[in-house]
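Below sits a lone chain in C-alpha cells, taken as the form predicted alone.
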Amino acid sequence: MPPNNAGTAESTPAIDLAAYRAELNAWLDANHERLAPRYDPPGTIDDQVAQMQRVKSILFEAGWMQRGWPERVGGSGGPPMLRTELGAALAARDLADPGLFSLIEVLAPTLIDFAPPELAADAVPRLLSGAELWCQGFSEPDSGSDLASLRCRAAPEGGNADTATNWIINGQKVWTSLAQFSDRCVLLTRTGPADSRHRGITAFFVDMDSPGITVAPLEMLNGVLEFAEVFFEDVVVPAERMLGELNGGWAVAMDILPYERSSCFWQRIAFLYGRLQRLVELAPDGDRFAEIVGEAYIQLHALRARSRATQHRLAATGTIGAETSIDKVLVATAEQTIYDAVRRLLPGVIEIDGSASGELWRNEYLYSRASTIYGGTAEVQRNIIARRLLDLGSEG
C-alpha cells in the first residue's frame, strides 16, 4: 500500500489559507469560554488530557476536526494544512497542549495509509472526536534512536504466518506517551529473525485493554507522568489488525516521519511564539534584553521558515525524507534557547518561584531539556545530516 496518501490534497481544490485562518480564529474567539481550560495552568497530565479530549469533541461537533482529512474516514476533505493550522491555533491559545494534540497528526495518517479501509473508517473518526486516544509503541529499553534493533516479538498463533488468524505479542515498550490513557496503540514488533533489523518488523493496531497488557507510568524530570512502560505478555491480536504487510513495518514507521516533522512542528512553533511573547511582556528591559530575546526570536523565526517550506514540500510531493533531520535540530535548538532566555531574563522564576506562573515556567523549562533527545537525539540527527545529506561518511 503506498504511503502518505493522507498527507496529500487528493486532488481537492486549492484553498485560501488566509481566509480559512481568519474564519477559524473568529470561531475560536466566539467560542472561547466553551473551549478554555477548566483548571489553573499548568494543571496535571490528567487535566491536560481531559481538556484535549473535550476540545476535540467540541471541534468535531462543529466540523473543524474533520477538515483536511479524507472523506473515506469521515473527513470533509481539503489539504492537510487545514488541520495543521487548527493545531497551531489551539496551541497559540493554550487550548490544547501541542505535544499531546500532535499525536493525532502522527498516528491517524498512518492508519489511513496502512490499515484495512473499514478499520480506518471506523477508528479515525473516534480519534478525531475525542472518543478515543491512541499511543505509539515504538521505543524499547535497548532500542530508542536505533529503532531497527527492536525486540518486542509477534509470533503467528499456530506457527504459520500465512494461515494464522491471530498473532501473539510478547515484549516491552518504553517512553510511550499517554499509554495509560490510550484505547489503542500503533505497535511495532519483531516478526523476522533477531538480526533482520528493519526488514523483519511488522506493525499492528492493538487494543490497549487486551488481556496481557500492563502499563506502568514513568515520572519525567518535571514530575509529569506523560510517558509509560508497556509490557506485553501473550497478548492476542487479530491478524486483520496488521498494518501494511508482514515484515513491512519499517514502511509504517517511515510513514509517520513526514507528519512528525512537519505538521507537529508547526503546532510547536505556534506554542513557542506564545511563550516568547509572554517572556517579552514579563522581562525587565535591561542591558541584555534585546540581545537575549533577539537570539531566541531569530532561531524561532528561522525554524518557522524552514517548517513552512517542509509543509509545502510534503503537500506538493506527499513525501519528505532525511532533510527533516534539519527541522528536528532547529526545533530542539530554538526551544532550549527560548527557555534559557526565560532563565536569564527572569532570575529565580524557574529555580525558586512557588507561584502558579513559576511552576508553569519550571515545568516547561525542564521539559525543554529533553527536546534534543525525544523524537531522535540531536547526535543521531546530525549524523543523518552529515551522512545522507552532505555525503560525509557511510551509514555503517
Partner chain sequence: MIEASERAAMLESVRGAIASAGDDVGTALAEVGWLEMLDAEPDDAIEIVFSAIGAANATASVLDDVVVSALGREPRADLAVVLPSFASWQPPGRIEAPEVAGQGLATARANGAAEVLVVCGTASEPSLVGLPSSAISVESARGVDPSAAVRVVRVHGSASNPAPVDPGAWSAAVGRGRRAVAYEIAGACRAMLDLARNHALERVQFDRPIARFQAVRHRLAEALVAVESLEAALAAARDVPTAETAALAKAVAGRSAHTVARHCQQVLGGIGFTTEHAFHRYLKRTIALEGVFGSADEIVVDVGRRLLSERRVPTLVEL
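Worth saying up front: this structure is predicted, and the values here are computed from it rather than measured. Positions refer to the first chain, counted from 1.
Keep in mind the form predicted together with its partner chain is missing from the figure; the text below concerns it.
Proximity to its partner chain in the predicted complex, defined as a heavy atom within 4.5 Å, singles out one entry of 216, 220, 280, 155, which is 280. This chain lacks the partner; the member of 28, 329, 45, 349 within 4.5 angstroms of its partner chain in the predicted complex by a non-hydrogen atom is 329.
Within this chain, residue 386 lines the site of its partner chain in the predicted complex, having a heavy atom no more than 4.5 Å away.
Among residues of the shown chain, residue 234 is not one whose heavy atoms approach its partner chain to within 4.5 Å in the predicted complex. Although the partner is absent from this view, residue 297 contacts its partner chain in the predicted complex, with a non-hydrogen atom inside 4.5 angstroms. When its partner chain is considered in the predicted complex, residue 189 lies well away from it, no heavy atom lying within 4.5 Å. Just one listed stretch, out of 298-306, 126-134, 166-174, 69-77, contacts its partner chain in the predicted complex at the 4.5 Å heavy atom level, and that stretch is 298-306. The putative spot formed by 81, 276 and 287 is fully lined by its partner chain in the predicted complex; each residue has a non-hydrogen atom within 4.5 angstroms of it.
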